[in-house]
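Considered here are two forms of the same protein chain, supplied as structure tokens in two stand-alone entries, structure 1 and structure 2.
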Structure 1
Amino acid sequence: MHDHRSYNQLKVKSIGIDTYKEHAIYMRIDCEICNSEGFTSLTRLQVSANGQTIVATLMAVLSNLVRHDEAGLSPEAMKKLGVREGDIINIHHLKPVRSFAYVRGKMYDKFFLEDQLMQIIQDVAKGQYSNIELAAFVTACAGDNLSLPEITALTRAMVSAGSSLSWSSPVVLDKHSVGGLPGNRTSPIVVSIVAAAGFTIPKTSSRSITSPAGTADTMEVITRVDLGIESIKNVVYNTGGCLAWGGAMELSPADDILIAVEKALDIESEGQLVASVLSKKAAAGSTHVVIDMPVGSTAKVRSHDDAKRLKQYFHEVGESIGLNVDTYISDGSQPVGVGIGPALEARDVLSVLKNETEAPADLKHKSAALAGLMLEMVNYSEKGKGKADALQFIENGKAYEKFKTICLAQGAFREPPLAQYQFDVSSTKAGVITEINNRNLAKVAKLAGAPKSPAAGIEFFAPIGKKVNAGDLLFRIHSESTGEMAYSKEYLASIEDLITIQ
């Protein structure tokens, strides 16, 4: 029964299955180890080799996908362990994660102590929590279950579980938008204005996960965004700003893990949201942060009461951890600008920065309002004068100059492409636009190919309040392939409530 391996060892086989944040290990359910240890599917295992250890969830194999002396691992798990096919790995039952006892305590309505949240978040960041344990933690924190001291402690714990940046400037600005409205691409404009005014604003952004474009996707149309931490520092040192992708920085790794579970459960936990946003800003070395908070029935924040409470949380937690936070409550009922999708949004951004007459006025004014609030926070502008000052930077061309400088420092400045295929969608009746389903609109853009095909997406010409006649253009779909255009139109034909005309 014994061979050269010892009791808890198997040979690695490479299995190209990506199980997202949770590693998986594929073992024959009738192998010696599963038999003797009583392992079944979903058992949490500790897998080690070369002094490295990962936690993995067992997937029971019933076929010849792996042999009895083999264990399948994903490429990412193999990389973390530093093993190749045929290498020997050690497999043990995972000892219960000790900090999960505090999560159980929370279910019995206990308060989290700061040190307990620290341990939980450290374990989450290390990948010790299974997806269902993460779901239990997120659920136990949801509703109004976290007090302000707990949200503050959670924020601190998230900061200390990741890496942090520091800057030589005493004032470092940043912004964040709560909940993605299609086309809400204010960041490139805000950064250009604030940096043009002489301030440090090292803005990093995410790529789209479920939306037609993230700021990083939009900026990638114009310049390089995939910069290492040293390059980002250089760009900021030379230009005051940056518009890079932040994904490589691991500023709040626990938060990235929790967000995936919250998204899957569609839970809008206020405490988690505040901790998530502010921990990333604190870790990025910011001192002054403006929160863009769109309010609307298909936005993340649905009512002005919710917005008011959330605003208070942001301000109080920010104060506790030494961040100056201000909030800009805006209209979340419809897209901002005309373009939806990386290149089309980039066109809007460039049009505003170039101060073109046909530039989308809503995007221009919202960006100026956000930048103006920042200029007031740092006493560059008098109270109530910030927006006018910000508009000045757009109109005198200094913001556009700064934008070009930042792009060139990041490695390129190029014109956005135009998609090969267009399809116009016109109104079938006369009336006034009264409502827009932002979620369905985003899906049309995604099916057309955004953000994978940067030029794909939508040009949107039907803002709320606009009068239209039958035959008037409502929006134009852009696509790089006839197949994707067909998918987009197929979906369009299947829905009814995209744009309400009355």
Structure 2
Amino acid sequence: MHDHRSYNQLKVKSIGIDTYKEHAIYMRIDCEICNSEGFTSLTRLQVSANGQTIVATLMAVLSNLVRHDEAGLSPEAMKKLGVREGDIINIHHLKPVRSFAYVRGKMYDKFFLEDQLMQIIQDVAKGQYSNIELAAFVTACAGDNLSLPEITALTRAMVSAGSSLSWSSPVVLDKHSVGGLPGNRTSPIVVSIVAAAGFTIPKTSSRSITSPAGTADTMEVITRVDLGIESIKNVVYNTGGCLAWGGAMELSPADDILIAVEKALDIESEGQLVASVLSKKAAAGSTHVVIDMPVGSTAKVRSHDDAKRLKQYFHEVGESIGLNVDTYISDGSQPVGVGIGPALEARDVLSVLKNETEAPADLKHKSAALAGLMLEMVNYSEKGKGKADALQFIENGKAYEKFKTICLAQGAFREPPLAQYQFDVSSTKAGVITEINNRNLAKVAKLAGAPKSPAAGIEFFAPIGKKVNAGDLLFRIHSESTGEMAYSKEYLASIEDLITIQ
């Protein structure tokens, strides 16, 4: 007869099924544990090994994928537990998540208290919430359903749930774009300018969730971005800045979990957006932050009224948690730069930093405006003269030299690759370009393979206001496989409102 401990143990089997950040466990539906405990598919289980515990979703197996004495684990679950194939894990029922009662209260128009949000976010970060419970929380906070005190409390809770960085410099700068625009790869240029001016700017960025590229995807084409906390600190102390992936550092870890659910539901919450951005900046040790808010009908921020409201939230919440925040409301009607996709955006960045004649002027000037705003915030530049000072760092080559120094400190400086296959899309009529659907354009780039295929994406040559004739080149699709190129072309043929020409 087995004792309770051994009875609830199984051997790990590595089955190589990627479930992204969702912890999954695969067990035979007719194994002793499932039979005795009444576990069924999608049951949330507590799994322990090596002093670590995770919450995993059960996938009931009906085939011989695993034996009766084995449990398959997703790669992320194995990494979190620190186990290898053949190791022993313990499996138990998950106790009810008490903090979910506060989520139910919000559904019935109650306000979140600060300690309630602290408990909710701690449980989310530990993986205690199922996808259904996460969806309920995200939905309860959707739209403009969080008050200013709730947004501030949520921000504090998200900071406290993870690691935090600290720096010896009294002034630490950072920037963030709320997103929604293809291209718009200003961060590498801004970091290079600000660091060249002698300031500390440790930029940690995300990989793409739904866009053709995130800053980390673009930078990975040129250099290493998967640096640990100590490596990042060394790079910043030696160069003044960094351009690294933030996913390995557990800064505001609940944020990535909630963003993934928001994207899946196509739900946006102004309060969660503010908390998401500012929690990561506070956790990264920033003191001064500039927020870029592109406004456009197919951008994330749709109207100037929305932008004004978000601006107020950013300023007031920032002040409450000790951050100096300034906002830059920009044009979100069309892509910024020529490239859309990691390598193509990297080419734009290098072209601007090298001060090449053919460099995208919109990307150059927007980056200088954002960097200039930072320089004004910290009194390096006089009010209204920051952009001109920032442009000087591009034009005298100091920003490019700083960028190379940062990249080499991170481990490499590579030239971006070109995709093997290209397909030109030309205008079918003469006229003036009046509108661009950013979301559809981004989808064309993603179907072509971006960001998973780094060289895939779009070169875009059709800004609003440009006069075109029939046969003129509008954009060029890049792909690393014929199959992905075919997907992209098929989608392109199915839509009509990508570029409006009148």
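Predicted model only: the values in this text are computed from it and were never measured. Structure 1 provides the reference sequence; residues are numbered from 1 along it. For the two forms, the rigid core is made up of the largest set of C-alpha atoms that agree within 1.5 Å on superposition.
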query	finding
Pair member which, unlike the other, is the form predicted alone	2
Is_shifted R104 between structures 1 and 2 (CA, 2 Å cut-off, rigid core)	yes
Is_shifted F137 between structures 1 and 2 (CA, 2 Å cut-off, rigid core)	yes
Rigid core superposed: K233 CA moves 2 Å or more between structures 1 and 2	no
Inter-form CA displacement between structures 1 and 2 at G86 - rigid core frame, Å	8.2
Cα displacement of N50 between structures 1 and 2, core-superposed (Å)	6.2
